[in-house]
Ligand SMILES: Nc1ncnc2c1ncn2[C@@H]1O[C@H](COP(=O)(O)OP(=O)(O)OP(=O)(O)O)[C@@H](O)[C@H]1O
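One chain follows as structure tokens, the form predicted alone.
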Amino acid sequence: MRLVKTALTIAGSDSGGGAGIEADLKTFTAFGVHGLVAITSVTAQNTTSVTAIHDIPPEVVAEQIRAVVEDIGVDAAKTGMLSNAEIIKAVAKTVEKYDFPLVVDPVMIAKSGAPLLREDAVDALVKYILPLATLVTPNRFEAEKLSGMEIKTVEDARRAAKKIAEETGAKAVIVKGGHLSGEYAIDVLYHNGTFKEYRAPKVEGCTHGTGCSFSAAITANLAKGLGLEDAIGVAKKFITLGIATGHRIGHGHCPVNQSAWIEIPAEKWRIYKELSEAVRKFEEMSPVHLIPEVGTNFVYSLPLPYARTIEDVAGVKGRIVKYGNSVKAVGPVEFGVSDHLARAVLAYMRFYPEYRSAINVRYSEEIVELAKEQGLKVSFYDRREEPIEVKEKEGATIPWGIETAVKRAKNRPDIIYHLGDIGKEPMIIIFGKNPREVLEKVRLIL
């Protein structure tokens, strides 16, 4: 019995690694599915343009499909760039012999604007491939071409999805809404005679390979046994995260980050374990005189680009407080439980991305002087200098203060302090790459 599920991508190769089979394989891996490939075309491509296309002979494409299906087996498959009519006919003739779900991403134009499907091949796609589709996933412009109608609104997308399904015989059609106006990306699914909408806030980020990765995520989850509508729901969350956390590479449209789906949960577990151990060691040190009246927190952030809000920073729930002649964490380590210190470390990371951990301790002149004697770089900010527009904006004070202190220092500061304000206790914040480094600095001032 085969324990791992398999998914097949029938698509072109992107030498830039952002779209095509490269994006599909990364997506399959993110969902724990073994990826199989049938390469239709080799492109010379980067984030700005497609400079060359070399199509694979149709019989070789078909043989790739047959080879993997008959030996390994395919639980679900998808098509991407099919390039020309002869390849489309060969793929259709081969795929219809086998019984697996088929997701069709009707790739017609690259993000750079270069055509990826020749004009004569569009008719072949509609005639031979779409009738075999479990799901077709056009974006607005592809849906306009397939439906012959203009799409400007969600209601237009509904009519187009229904028309494409009824005229081609595809079992389901989802018209993606990323190119429609509005704050939300609303995808419209037509399936079994009914409509369903999938919505997510539009996020700024990287979009090269969006369509490939979205359709591949649906394919992977169909391979794992999810129903179509559930598979689309998971894929919607996956692609929204991938866009928001894309790596800024190249000079054009940077690629979606498929790894975020598995990297973030893995990194969160590592952060939880390391910070929990550091908190335990801090308790053993019993630095009662370092605990301020408001308590101490100890935080550790996800790395960039995953660190976006305070929900991406782990801290001690309830803080660390004085407990007789010792100190004690009130609650466990969790994400999103720190506000002030989380904002401080996120602001600090804008200047020094590798420094993801921090702890706050009681302010005193003696501690500041001792830190300097131990070779730690110290800077500060004065809340009295805070601009009125910053003071009036919720949550803006700490990022402003950290930025001010960093810019004041000639070199990266290990410690930043402020002298407080009305109703605000003076405080020292110690920064480090990780909790272990923060603890080493705490030991220096002990």
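Just so it is clear, the structure is predicted and the values come from calculations on it, not from any experiment. Position 1 is the first residue in the sequence shown; the rest follow in order.
As for the form predicted in complex with the named molecule, it is not shown, yet the points below apply to it.
Contact with the named molecule in the predicted bound form, defined as any heavy atom within 4.5 Å, is confined among 372-380, 199-207, 160-168, 327-335 to 199-207. Between the named molecule and the residues Y348, Y190, F298, F214, the one pair within 4.5 Å by heavy atoms in the predicted bound form involves F214. Checked against the named molecule in the predicted bound form, the residues P305, G318, G73, G178 give one hit for a heavy atom within 4.5 Å, which is G178. Among residues of the shown chain, A185 is one whose heavy atoms approach the named molecule to within 4.5 Å in the predicted bound form. At the 4.5 Å threshold, heavy atoms of N139 reach the named molecule in the predicted bound form. At the 4.5 Å threshold, heavy atoms of I243 reach the named molecule in the predicted bound form. Of the heavy atoms in I359, none are within 4.5 Å of the named molecule in the predicted bound form. Contact residues in stretch 320-337 (any heavy atom within 4.5 Å of the named molecule, taken in the predicted bound form) are absent; none meets the cut-off.
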